[in-house]
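Only one chain comes next, encoded as structure tokens, the form predicted on its own.
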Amino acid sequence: MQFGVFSVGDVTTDPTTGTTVSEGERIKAMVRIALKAEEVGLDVFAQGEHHNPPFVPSSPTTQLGFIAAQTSKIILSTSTTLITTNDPVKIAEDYAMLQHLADGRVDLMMGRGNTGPVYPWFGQDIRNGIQLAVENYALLRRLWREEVVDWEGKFRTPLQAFTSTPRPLDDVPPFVWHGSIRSPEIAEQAAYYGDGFFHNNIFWPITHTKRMIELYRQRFEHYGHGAADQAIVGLGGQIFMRKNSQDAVREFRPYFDNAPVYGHGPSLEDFSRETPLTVGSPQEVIERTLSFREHFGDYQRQLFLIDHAGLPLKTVLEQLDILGEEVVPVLRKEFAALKPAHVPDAPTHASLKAAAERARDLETIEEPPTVAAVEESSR
């Protein structure tokens, strides 16, 4: 199972000090978080894509390419790539380029973003959101898998004899997760292609998340990709830890109470009870995360949000130390012991490359011999 962190890249005033970092400081802090995530032994660093204040990560491949140059092991991903408002040709080229620079340590999560105005900013209509997600992704898959593409659709100009460059590393496209909080059509899309489904359930009750994941699993099996419990599932989570839970709650409360995304609403206690937010000791985070398996089945990727709401970088790096030293080693061991042998691990470039090579070998074996080959073998 893969464990990691994701950042939405918000620039938020620290409510305890009144300090607001600059955009440049926040961007560099995200880089530092990614480097620390690799240092403490996490598997994944993912970042969002946003084009509206107070968020800074408008160009994920630029930042992830910079991180790739300074890391060697961690998988670099997105917690949203806007499939609806980005040109699929540009996505194909940008992420193939990143894939080469990172030696394959790249996957991405397709999503529709967190704000309606992003659609007209990029010449689209939010009322076409689902149709854009379906059409653009269908084209993206072809661009990565076919050398020459002729294509015509509804939302962009046609392509004639077009080749996306560079080609995916080793002719293996990056693995794709489809992220959605509430749209069953996206769960269906993920299942149709046999891709991963990521439910970023940081704001949602378990009952809702369970329905979405069960739908994806059922449709994954329907389309013949494997049994329902072999579907590739990822979850989001939100944590804050200190040695004892009282200190964690006391320190995190002002950040929760004033956060733009959920401040001045339900209490910290209510939110923690109704959503996966866990504020407490490392052991409480371990127990809460292990409980996800009881509701959602065996899954392949767990990403934690730890750097939002104005939390200072020093505090975030401390959270990463706790994750790497006290939490993730236990979770790895426990989840591995519980996972049945037939449930796959999360795909990586290496595993996808090996599967492609096996498929090519099988095709070669199954091809009927030519007359020339038979004559040659009889000599």
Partner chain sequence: MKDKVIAVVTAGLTTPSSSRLLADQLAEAVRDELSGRGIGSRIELIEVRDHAHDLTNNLLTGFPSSSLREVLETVAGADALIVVSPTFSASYSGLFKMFFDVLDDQALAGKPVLLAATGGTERHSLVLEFALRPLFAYLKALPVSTAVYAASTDWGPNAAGLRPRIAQAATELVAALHNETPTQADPFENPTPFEDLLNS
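As the structure is a computational prediction, the values presented were derived from the model and not from experiment. Numbering follows the first chain given and starts at 1.
Keep in mind that the form predicted in complex with its partner chain is not shown, yet the notes after this line are about it.
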Item to complete: Could you confirm whether R219 comes within 4.5 Å of its partner chain in the model of the complex, counting heavy atoms only?
Response: yes
Practice prompt. Determine whether any heavy atom of Q131 comes within 4.5 Å of a heavy atom of its partner chain in the model of the complex, and answer yes or no.
Written response: yes
Discussion item. W204 versus its partner chain, in the model of the complex: is there a non-hydrogen atom within 4.5 Å?
Written reply: yes
Discussion item. So in the model of the complex, is its partner chain close enough to R127 to count as touching (4.5 Å, heavy atoms)?
Written reply: no
Discussion item. Tell me which stretch of 258 to 266, 296 to 304, 92 to 100, 283 to 291 has a heavy atom within 4.5 angstroms of its partner chain in the model of the complex.
Written reply: 258 to 266
Discussion item. Considering non-hydrogen atoms and a 4.5 Å limit, which listed residue (E274, E251, D229, D170) is close to its partner chain in the model of the complex?
Written reply: E274
Discussion item. Please tell me which of M212, V118, I75, L143 lies within 4.5 Å of its partner chain in the model of the complex, judged by heavy atoms.
Written reply: M212
Worksheet entry | Non-hydrogen atom within 4.5 Å of its partner chain in the model of the complex for each of P184, Q189 and Y223 | yes
